[in-house]
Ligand SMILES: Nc1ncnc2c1ncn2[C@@H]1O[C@H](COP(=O)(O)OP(=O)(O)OP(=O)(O)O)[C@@H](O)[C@H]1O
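Below sits a lone chain in structure tokens, taken as the form predicted on its own.
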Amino acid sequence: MSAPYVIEARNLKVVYNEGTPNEVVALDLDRDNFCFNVLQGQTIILTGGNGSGKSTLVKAIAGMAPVKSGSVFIHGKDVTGWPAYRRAKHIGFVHQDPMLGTCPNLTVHENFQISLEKPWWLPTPYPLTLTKGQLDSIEKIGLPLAEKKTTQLNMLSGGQRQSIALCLALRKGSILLLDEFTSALDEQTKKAVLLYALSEAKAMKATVIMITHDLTLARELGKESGNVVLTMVGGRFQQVMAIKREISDGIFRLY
């Protein structure tokens, strides 16, 4: 029987600079004995202020944050001890910084070949894996990737590079982690790229965890069927804290 959840983050605790005067508890789901579970094809929107634990949570899932306690399961398999590169088979991560997540000294085409584990140095390259429909959709939002395929990524704009990182991360049935990935884009392009990302992810039945500071956008996306908006404060989920507070105050009742 397959696991009911694509992602299970059980009682995670992440501490930076442990044992030093700069120690920071960045994520403390263990305090609430809380499991963050995500279903196949679901979209989770994480909101909250700076330092609330949003990025730390997705990085812990991706294997990019030091987990002090708790565990991470992907498709029912315990991957807590796996490094990021082993989890990358299941996880596509688009960073806030457009300089991350790609190989800057290689061309667009070579980056796509690496993402498919194809040899990028061959004189006759594999074809770009994007369909014409996907390329057309991207070009409609002002990012002509087709004509840039032989250009090195460090010669592209931040928006173009971020869109390429998104295309590399999108895979059928995979997990897509979006860490404020549109922050380097102008407002018009930002919304177009974001809607494109969620539309493609839905078509591919990908599971999405998206971080945003834009509460208006979060509420708008939260109205769509299957989407869940969660707010984080101080490394914990505000919703869980509120329920626990109600229980302790004798307000919350189960009948």
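Numbering starts at 1 and runs along the sequence shown. Quick caveat: nothing in here was measured; it's all calculated off a predicted structure.
One more form of this protein, predicted together with the named molecule, exists but is not displayed; see below.
Choose one stretch from 34 to 42, 186 to 194, 217 to 225, 52 to 60: the one whose residues place a heavy atom within 4.5 angstroms of the named molecule in the predicted complex. Partner-contacting stretch among the options: 52 to 60.
Heavy atom to heavy atom, is Asp97 within 4.5 Å of the named molecule in the predicted complex? No - in the predicted complex, heavy atoms of Asp97 and the named molecule never come within 4.5 Å of each other.
Tell me, yes or no, whether His213 is in contact with the named molecule in the predicted complex, where a contact means a heavy atom of each within 4.5 Å. His213: contacts the named molecule in the predicted complex.
Using the partner position in the predicted complex, report whether Ala26 sits within 4.5 Å of the named molecule, counting heavy atoms only. Yes - in the predicted complex, heavy atoms of Ala26 and the named molecule come within 4.5 Å of each other.
Consider Asn17 of the chain shown here, and say whether it contacts the named molecule in the predicted complex, taking contact as heavy atoms within 4.5 Å. Although the named molecule is absent here, Asn17 would touch it in the predicted complex, with heavy atoms inside 4.5 Å.
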